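First comes one chain, alone, set out as structure tokens in the form predicted alone.
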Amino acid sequence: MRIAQEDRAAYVAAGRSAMEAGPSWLKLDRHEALENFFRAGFPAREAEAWKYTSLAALERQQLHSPAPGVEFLPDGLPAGHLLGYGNGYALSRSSALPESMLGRLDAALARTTLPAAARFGTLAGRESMLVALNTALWREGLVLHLPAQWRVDEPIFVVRTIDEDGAMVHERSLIVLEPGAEATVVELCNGRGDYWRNPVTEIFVGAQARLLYVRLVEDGVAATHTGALFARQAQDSRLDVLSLALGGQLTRQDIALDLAGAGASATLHGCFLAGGRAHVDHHTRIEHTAAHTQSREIFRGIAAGRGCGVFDGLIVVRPGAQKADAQQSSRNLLLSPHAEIDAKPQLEIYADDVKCGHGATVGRLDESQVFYLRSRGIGDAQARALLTHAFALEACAAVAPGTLRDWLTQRLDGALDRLVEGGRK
């Protein structure tokens, strides 16, 4: 639905300073994107991709662009490179990497001679109006550009905090790994209050490069999060993505991976928790566009109280992508009679020499497993908690054992404890 003339002023005011900064091509890009959003408006539930998720509350909410806030670092953050953002503004940086490799996106785009600048916006298509609004209104952003064969041994943590009610924050990240480069990137989204976060991340993985990318969502209980991730892989590259949605009132994640080079491999693992009246929606798309590519997708969802979860996963094998190997698994757990999870795994195959499979389940804990643990002297509540934790932790298999995996497991364990405890009330 088109944005009414009287409502446009708020978006123009929110983005005025951002839209007038940077080179002329970027200004033009921003203005065109905003006009596209005004013409089409927010996605409606009549669209198949938004059948289960409504953004009507955002249309009614009085939103504004906030002033710089604070960064909130979680306890026990492992050692590594760190960039902190508050309300979309870059606040701190602790890294030995030069700023030409790791720094602010707006500064990088102003230097159009940098190779990364040519990649900006080439994956995040304008068909999504939320992406178009992000393109128009993002501010300082993040860029990671690693030269060929460059290896970053410690994780790169990007902590993004929002701390203002009614804030509308559009965050942007561009990650480029040239051939043979290796890195681990953790984007942590946290905050307090009733706000709207709308991040967009574009990832390019060069030939024989390796990237582990983690998106950890720990937004405030009243927050809305509409995130989009786009990635393209070159020949013999490897990309591991882990999405953990552990907070927020309404969370929508769109993830699109393109295995564009022969021999590329990808894993997409995820876990989402929906308690109270929270709504969590994941739409994923993995495209095999080259031969001898491999993908593994494992999602685990847990809903309690009156929480609602959605998993809509599509794997596409394009013509010519012979010898593609794609497997998809969506398993979902209901902890209360009022919780709901809708799972829709899909395959589209246009090549004849492939190995593909998918499956989905939605149900409750296996009472025979509960009985087994209770017969070993474990109480009912503890037995159910142990099984629930084991179920969720399958998603963390994308991260190799070590300090980072231990820390992510602790974050997931803590969120699960709160979910289970809240379900008992």
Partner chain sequence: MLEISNLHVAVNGTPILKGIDLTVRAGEVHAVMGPNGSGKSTLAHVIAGREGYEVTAGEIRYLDRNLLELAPEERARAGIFLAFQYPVEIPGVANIQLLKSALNQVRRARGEAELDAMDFLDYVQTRLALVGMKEELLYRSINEGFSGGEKKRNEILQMAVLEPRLAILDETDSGLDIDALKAVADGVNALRSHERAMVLVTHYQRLLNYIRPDRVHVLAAGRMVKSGGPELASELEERGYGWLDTTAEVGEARA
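Residue numbers count along the first chain shown, from 1. Source: prediction; values computed, not measured.
From this point on, the text means the form predicted in complex with its partner chain, which you will not see here.
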> Taking its partner chain in the predicted complex as the reference, which of 70, 44, 386, 57 has a non-hydrogen atom within 4.5 Å?
Replying inline: 386
>> Looking at 365, 378, 49, 397 here, can you tell me which has any non-hydrogen atom within 4.5 angstroms of its partner chain in the predicted complex?
In response: 378
>> in the predicted complex, does residue 369 come within 4.5 Å of its partner chain, counting heavy atoms only?
In response: yes
>> Since only the chain is shown here, I'm wondering whether residue 374 would be in contact with its partner chain in the predicted complex (any heavy atom pair within 4.5 Å).
In response: yes
>> Taking its partner chain as it sits in the predicted complex, is residue 61 in contact with it (heavy atom to heavy atom, 4.5 Å or less)?
In response: no
> Hey, in the predicted complex, does residue 382 get a heavy atom within 4.5 angstroms of its partner chain?
Replying inline: yes
> Where, among 386-394, 25-33, 354-362, 49-57, do residues come within 4.5 Å of its partner chain in the predicted complex by heavy atom distance?
Replying inline: 386-394
